[in-house]
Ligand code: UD1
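Just one chain is shown here, as structure tokens, and it is the form predicted alone.
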């Protein structure tokens, strides 16, 4: 079992480039199923979620090559419409393959998805949206069977702007008969990127980035090549680390136009920010101001995927901060691990009250989810002493090189292997 070991207390200086966006590349991979040919995706990060998705798609019969961050997917030889359960259960995003398989095969078998333990994250909006297009569902334990004779375009109103539901509906609607209007659609940059890809493949989608998306169904899609944009969540993570530790760093390949709320909060904390189109500089003296109140919201609001990292950084501010989590009800698990390091955090329902009046000290902590694990990295970097983070496989689901990236900025962080655990496993 691998773990991350950090000797904290160093300021960060230098330049780091962020990887391709995890939340963009996974639905783009699903979209490749709709093309009975070859799709090429560039700037694909080498993260566990991508590897799991490759295994799932190979289980469907796709031929895939992945080298130098270039992913080539040949979906011409699809030989089953059932997701391999062993891999589908490992990641939340596997459910978006349901919409793609329905669009391609009109018949699909999926499984309730796994992933991080940050809340229930029901898929009812996915199911209800697809039902309105004529899809019939049956449920057998964890298995989901979906079938449709003819996908029919229709009007779908989402009561909440779910990213996953919007993606699933888009993937099915692009091959439907007639026009689908998605009202209350998610506005995230990843939705825009998916629509751009589908249009490049021959689809006809309008309104991406707004809350109303029109999808004019087409009969066939064709080969295409796309490049994934930089990961705004990874960029925000590195900026939060610099804020907590103090120092001055530049993050390149950052989609700054999609990071306005994260950058505004950093400025509220007293950091100096200078941004250009694809890079952002931060200067922090390490004496952070508290944030009296902030809440997570769907894009363009403050992202839930940066909430844990913000909580960790605010532990090094001077005063009381309040974070309200409105998206995932169990995303405050990280507070329990931060408390092991000396953090003073009180959880009241969906609110976290952070009282920052002393420095944190290194400790042995456990990453329970992807973004919470990244938050523990930030805390370990800014704390005094040694921090060991176990269960770091959660972190590597979304961060391709968090250890080496931060090493470039002068931090003392290394990935190690627990030889005791390895020997025990070999007995």
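Note that this is a predicted model, so its numbers are computed, not measured. Residue numbers count along the first chain shown, from 1.
Another form exists, predicted in complex with this ligand; not displayed. Remarks below refer to it.
Peer 1: Can you work out whether residue 124 and this ligand are in contact in the predicted bound form, taking contact to mean some heavy atom pair no more than 4.5 Å apart?
Peer 2: Yes, residue 124 is a contact residue.
Peer 1: Report whether the minimum heavy atom distance between residue 258 and this ligand in the predicted bound form is within 4.5 Å.
Peer 2: Looking in the predicted bound form, residue contacts with this ligand do not include residue 258, since no heavy atom lies within 4.5 Å.
Peer 1: At the 4.5 Å heavy atom threshold, is residue 374 in contact with this ligand in the predicted bound form?
Peer 2: Although this ligand is absent here, residue 374 would stay clear of it in the predicted bound form, with no heavy atoms inside 4.5 Å.
Peer 1: Would residue 340 show up as a contact with this ligand in the predicted bound form if we use heavy atoms at 4.5 Å?
Peer 2: No - in the predicted bound form, heavy atoms of residue 340 and this ligand never come within 4.5 Å of each other.
Peer 1: Report the stretch among 154 to 162, 134 to 142, 244 to 252, 315 to 323 that approaches this ligand in the predicted bound form to within 4.5 Å, counting heavy atoms only.
Peer 2: That would be 154 to 162.
Peer 1: With the partner absent here, would 26, 93 and 188 each sit within 4.5 Å of this ligand in the predicted bound form, counting heavy atoms only?
Peer 2: All of them do, each having a heavy atom within 4.5 Å of the partner.
Peer 1: Have a look at 266, 356, 327, 226 for me and say which one sits with a heavy atom within 4.5 Å of this ligand in the predicted bound form.
Peer 2: That would be 327.
Peer 1: Would you give me the residues of 210 to 227 that have any heavy atom within 4.5 Å of this ligand in the predicted bound form, in order from first to last?
Peer 2: Nothing in this stretch is in contact.
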